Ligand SMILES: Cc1ncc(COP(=O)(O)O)c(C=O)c1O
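Just the one chain here, the form predicted on its own, laid out as structure tokens.
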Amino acid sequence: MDQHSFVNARYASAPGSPIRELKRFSDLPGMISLAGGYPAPELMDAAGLQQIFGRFAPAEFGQALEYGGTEGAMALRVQLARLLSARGMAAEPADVLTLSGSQQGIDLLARTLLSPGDVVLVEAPTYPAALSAFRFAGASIHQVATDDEGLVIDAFEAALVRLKPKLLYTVPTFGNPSGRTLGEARRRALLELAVRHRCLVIEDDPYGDLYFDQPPPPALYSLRHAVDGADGIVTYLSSLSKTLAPGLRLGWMLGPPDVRRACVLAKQTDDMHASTLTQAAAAAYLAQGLFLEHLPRLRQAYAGRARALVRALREHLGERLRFIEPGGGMFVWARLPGVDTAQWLKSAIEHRVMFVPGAAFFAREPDPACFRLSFASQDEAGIAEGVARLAAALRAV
């Protein structure tokens, strides 16, 4: 007898996240993961957060266990607005929508903005979970070419004229997976074109605080007042997951009021609000200046790990491998001509090391020679050993 499924067809046939699927191999004895962009537990300020939780008076702690408003706790929104305003984003607390991680923001925007058949532009390559959210919303996804400096503006303009998209999703700062950063001139040109063609821009910025030497250019959201009409077309997402702790599940959204309001309504039927307990802890952590003290230590550690990965790649894989040395973030995006990285991964797992093949990061026409490495969750010795294992696995393919 035929099996009948009650599951929506989009979900019934959808693949899982390729990065989350790899996590099941993490528990294999001796596995070194250069795959997921997961913050290193030893670099999180666990002691600082423990102290924050321990200092709550009983009444404060009880209040933090209550239901909260969908837009988020005002104490946290005040602190986030101060942080963002110091970085040129001129945000008021009322402008901030608190999220259960910035991933929720992508999902809320996909559900509230997109109708089946709407055209979405993404970078090639781009973040796979965003692709999934747009696909589940029934969007028609088209990718725009990138180069070593990020989104190619001429290609973006051509796509705007030809496809008339509803929105562009971009990770312009230390992008996932590319590690690339869009320069300020291109950022302004992007906004000018988006205004001219009435294309909403979703700026995803979870890595902007993780620069090594030089701060990145101003966020697109910061530049919106410099381009006539851009104030109404930029929505900004960010998170504490990569900088403080992913277990807090806290992110935020800035953007046009009507867009935020639609997301509030969707969130009311989703999780109602982000965790009131972790919001209270994050608000106190920010208010006491601990976050600004923590960031330099995090940047220094990740810079060292990034340099260790670059050294190891050059030593073990040589001139054949093409990649850009990162200036921040968590990733190195590389290309090894003539290699099917999906087959390489199978050998790599046997050698107890993991990475992410590049096919997952393309909306269309994936490049099988590309792959992503993360230096975030391994120390420098682990990175060196992991790349040596990658080289051995490649020789075995």
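No experiment lies behind these values; they were computed from the predicted model shown. We number the residues from 1 along the sequence you see.
As for the form predicted in complex with the named molecule, it is not shown, yet the points below apply to it.
Exactly one of the stretches 293-301, 170-178, 144-152, 185-193 approaches the named molecule in the predicted complex with heavy atoms within 4.5 Å, and it is 170-178. Contact annotation: Ser239 falls within 4.5 Å of the named molecule in the predicted complex, judged by heavy atom distances.
The closest heavy atom approach of Leu97 to the named molecule in the predicted complex falls outside 4.5 Å. Contact check for Ile106: a non-hydrogen atom falls within 4.5 Å of the named molecule in the predicted complex. At a distance threshold of 4.5 angstroms between non-hydrogen atoms, Pro206 is in contact with the named molecule in the predicted complex.
Checked against the named molecule in the predicted complex, the candidates Phe134, Phe156, Tyr221, Tyr127 yield a single residue with a heavy atom inside 4.5 Å, and that residue is Tyr127. Listed residues Thr112, Thr243, Ser102, Ser275 were compared with the named molecule in the predicted complex; Ser102 is the one with a heavy atom within 4.5 Å. Taking the named molecule as positioned in the predicted complex, the only residue of 248-264 that brings a heavy atom within 4.5 Å of it is Arg249.
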